[in-house]
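Listed next as structure tokens is one chain, alone, in the form predicted alone.
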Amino acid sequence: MSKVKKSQTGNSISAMNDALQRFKPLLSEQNFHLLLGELQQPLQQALRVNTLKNADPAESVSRWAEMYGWQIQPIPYCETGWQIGQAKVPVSQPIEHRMGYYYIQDAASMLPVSLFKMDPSNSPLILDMAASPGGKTTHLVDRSGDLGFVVANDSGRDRITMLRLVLQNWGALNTAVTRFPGEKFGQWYPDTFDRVLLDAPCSMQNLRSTEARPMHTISSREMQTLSHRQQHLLWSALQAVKAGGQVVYSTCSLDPEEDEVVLDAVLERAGAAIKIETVDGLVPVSAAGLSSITADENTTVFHPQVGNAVRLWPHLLKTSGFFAALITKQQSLPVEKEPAPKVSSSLDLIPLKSRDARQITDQLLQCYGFDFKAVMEAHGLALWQRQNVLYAIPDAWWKYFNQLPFQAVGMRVAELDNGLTPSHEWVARFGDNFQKGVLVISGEQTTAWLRGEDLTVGIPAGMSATGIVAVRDELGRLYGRGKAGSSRLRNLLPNRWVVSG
């Protein structure tokens, strides 16, 4: 082990011991003993099935379990989530993961979005206030049926690229990615959203240290700073949601300063304007928020509603530590409204005329036997063009946020340089529905394909007027798109999907 890794491991163990000593008074002796026992076991991996690409999530995960030798256990509060026990093939390796048929996610992280009451038929307007890397955003997309419009915001410049890629891989249509301080949305867009998720930046004191996210010791001053920021973010979320709408506040920390203390402070400030809802029956164990804490012989008693939150200790359901609360906004809150920023120059996006849009959708129907026009109508999308690139952009964006600068919006559909060239994102989302324009490759060829190699194959005449085909294997699994020549299939896998070696 390198000196750096030894140092990281030592720091992580020290941080773990420090957290356990702080948390011990919060648990009964029996539960603390159970917690220590659970922390001796490795954290089970978990996955959440993409409902945009899997009509029957349970059937899909059962098929994968048989193919890859997985032991699976459903997650009780998330109907599309499963924990993975033993796995002959690691969950990160199958082509289904690479093509976005499921997302690898800690089971505890599936809790926040599961708390929302969601009716996709109402096309809800949703804000994910601190969205990166995007796992919970994809969960919001699924729970709204990709019919609600999701603004995925994150303030970190270095986290935006990952957020965009995750949403592209998921196949989301009704999303936009923005980069602003979450604290601003309440002033810019008060009483606007139907649902707001605030998975707040936190200290990650979840008692599950990993190599990628090792636990670290945090000072009381740092904790106070975090807690105050979390309160500001939550107040902004409550301002931004409509009266009658819902906010979920969550952290991957078990420290009360970031959890119950934040809720208590916001309840005191908002009064009867908000209500923390009970979530009885969703989590099948007793996991209530704390009623009080004692520090330095001083006891703080929280508002009774704070106990309605979910404090998910690792030993309860074999997860990481997690905290979440469902809040209903019952009436408007005071807001010092500010104008939202506006784009500084033209977006160069031009709406396609009805005749041109119809020609595009007719060609896609002819080439692939897939009615994209019907999809656009159902999801509230329109075709727009920027230079030679064609996008499907949600009508909701123009209705509510047309002048707000964005990092990405909608889906890239095709390029128009030399005719119509459907994008990887479009084929990856809808290729399973193609009735034509599909080329099947053998099991031996799939290995070469995933290495990014072109294939020499017999290609039927007139396979696709666009030259672009969806590539599947003999089991029906989608492998992206290729460009068909007379006897050569050019590999168009994005570099991020190519497997080296």
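The first residue of the sequence shown is number 1, and the count goes up from there. As the structure is a prediction and not an experimental result, all values here were calculated from the model.
Omitted here: the form predicted in complex with a small molecule. The next part is about that form.
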Identify which of 379, 424, 229, 208 has a heavy atom within 4.5 Å of the small molecule in the model of the complex; exactly one of them does.
-> 229
None of 183, 371, 356, 222 but one has a heavy atom within 4.5 Å of the small molecule in the model of the complex; the exception is 183
With the partner removed from view, which of 313-321, 197-205, 73-81, 86-94 is the stretch that lies within 4.5 Å of the small molecule in the model of the complex, judged by heavy atom distances?
-> 197-205
is_contact(residue 135, the small molecule) in the model of the complex, heavy atom dist at most 4.5 Å | yes
If you check in the model of the complex, is residue 215 within 4.5 Å of the small molecule, heavy atoms only?
-> no
Tell me, yes or no, whether residue 156 is in contact with the small molecule in the model of the complex, where a contact means a heavy atom of each within 4.5 Å.
-> yes
Is the gap between residue 129 and the small molecule in the model of the complex 4.5 Å or less for some heavy atom pair?
-> yes
